[in-house]
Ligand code: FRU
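Have a look below at one chain only, the form predicted on its own, in structure tokens format.
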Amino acid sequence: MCDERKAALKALAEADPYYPQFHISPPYGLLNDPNGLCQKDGEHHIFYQWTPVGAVHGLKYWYHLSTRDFITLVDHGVGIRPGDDYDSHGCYSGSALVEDDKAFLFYTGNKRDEQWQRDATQCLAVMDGKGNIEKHGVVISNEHYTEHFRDPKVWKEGDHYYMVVGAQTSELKGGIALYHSLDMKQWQHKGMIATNYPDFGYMWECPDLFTLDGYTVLLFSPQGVQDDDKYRFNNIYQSGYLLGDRLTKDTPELVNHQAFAELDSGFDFYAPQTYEDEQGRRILIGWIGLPEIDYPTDKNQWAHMLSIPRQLSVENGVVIQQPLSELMAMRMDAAIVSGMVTLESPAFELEFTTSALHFELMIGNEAGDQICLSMNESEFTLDRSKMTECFASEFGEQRFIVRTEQCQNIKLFFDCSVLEVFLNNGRNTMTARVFIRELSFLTLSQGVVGQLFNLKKSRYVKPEGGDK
């Protein structure tokens, strides 16, 4: 693609009023899964799946950003590009492991033959201390599963390395495969991790496994799971976790695990990945988007964004999510608000505490287009049926969460066309794309008083320090 075409696509995206101010989004083209999340020498590295030619799921690259504060982002451009025989049709999702001043980047190589049959392999690239990335080729070939075999997540225990990979069995059931290595080059297949869910969708994507607050957490995104319960499995695909006591390695099993719980109960959240930073915090970033859905921004040749970073903990058998504390530095000013409030910026944070039996929060424009978050004594409802531009209505225009706490400390981040809400004191979140033209006000129910912060716009710089 020529430079003039790139500049035109970038200008088209940035001129879109729906283009976010502080959420990570593509310069143009399509963004999806977060990849290779890690921190090295104080710098957080964030890669994501990127299709540069437009708002389509085409040939996938790894795009690379880094940051020390989540406000100023260093734009390194493409980190891993397809082109070798084993990744000729895309560099798919994966993870990072930091060791000896290097980041070992594991990803899925996607190759197709003339009959369009897929050959998926797990591959390695290495980023050195200066940020140079070199591909090292295939480390695991697919000998046990269908062509759906992807998204490696690697970690180390003592002198041993382990990898989980999302896989589909020959019976067309989803699951997670475990591998073991002593050198990150030669890997031994240990088998599929046994759980209480042998028939839970046809594919499990984006696996992640880590210990947190005394639990072993298995994170994954199952496809093909449905339920008539209005509180569960409403999106085309889901993301969630199992909490267990431990993972056995020789005969893989997640021992004594709880029921599957969704990570987010909104409309647009998928493929999350976590990493442990140098402070020992477990940080999660997700893809705000879903496959196989057209979004209103597609016409402007850009699609999707990453969630804000969320710090995880486990309390009483539930994963708690809270906005990363660094995000407070985005606040430019504070105002105490109640009733109807005129919005000065389409990028803001709202926080309030209430024990009321009922409340309602509306964000909208003078034409009556709006999104509404409401609560009664038993549940929350997020309703986006009255937006200026509705989409994906076949999957419903309302989402619900059971109210588990009487006293609610509610945190809300809004950024031009995306909403992230933290409810039940972090026990639940709702993420949604929101398309309201000429957004102008929010309204809080009578008696509810909150703090409103306008938020800084993220700053992108070149590795040398120049503007993006």
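Don't overthink the numbering: it's just position in the shown sequence, from 1. As the structure is a prediction and not an experimental result, all values here were calculated from the model.
There is another form of this protein, the form predicted in complex with beta-D-fructofuranose (FRU), and it is not shown here; the text below is about that form.
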Legend entry - Contact test in the predicted bound form: residue 32 vs beta-D-fructofuranose (FRU), heavy atoms, 4.5 Å: yes
Legend entry - Any non-hydrogen atom of residue 273 within 4.5 angstroms of beta-D-fructofuranose (FRU) in the predicted bound form: no
Inset, instruction - Verify the contact flag for residue 206: yes if a non-hydrogen atom of it lies within 4.5 Å of a non-hydrogen atom of beta-D-fructofuranose (FRU) in the predicted bound form, no if not. - result: yes
Legend entry - Distance check, residue 150 to beta-D-fructofuranose (FRU) in the predicted bound form, heavy atom within 4.5 Å: yes
Legend entry - Answer option from 302, 267, 106, 92, heavy atom within 4.5 Å of beta-D-fructofuranose (FRU) in the predicted bound form: 92
Legend entry - Single option in 60, 44, 433, 399 placed near beta-D-fructofuranose (FRU) in the predicted bound form, where near means a heavy atom within 4.5 Å: 60
Legend entry - in the predicted bound form, segment of 391-399, 125-133, 150-158, 304-312 with a heavy atom within 4.5 Å of beta-D-fructofuranose (FRU): 150-158
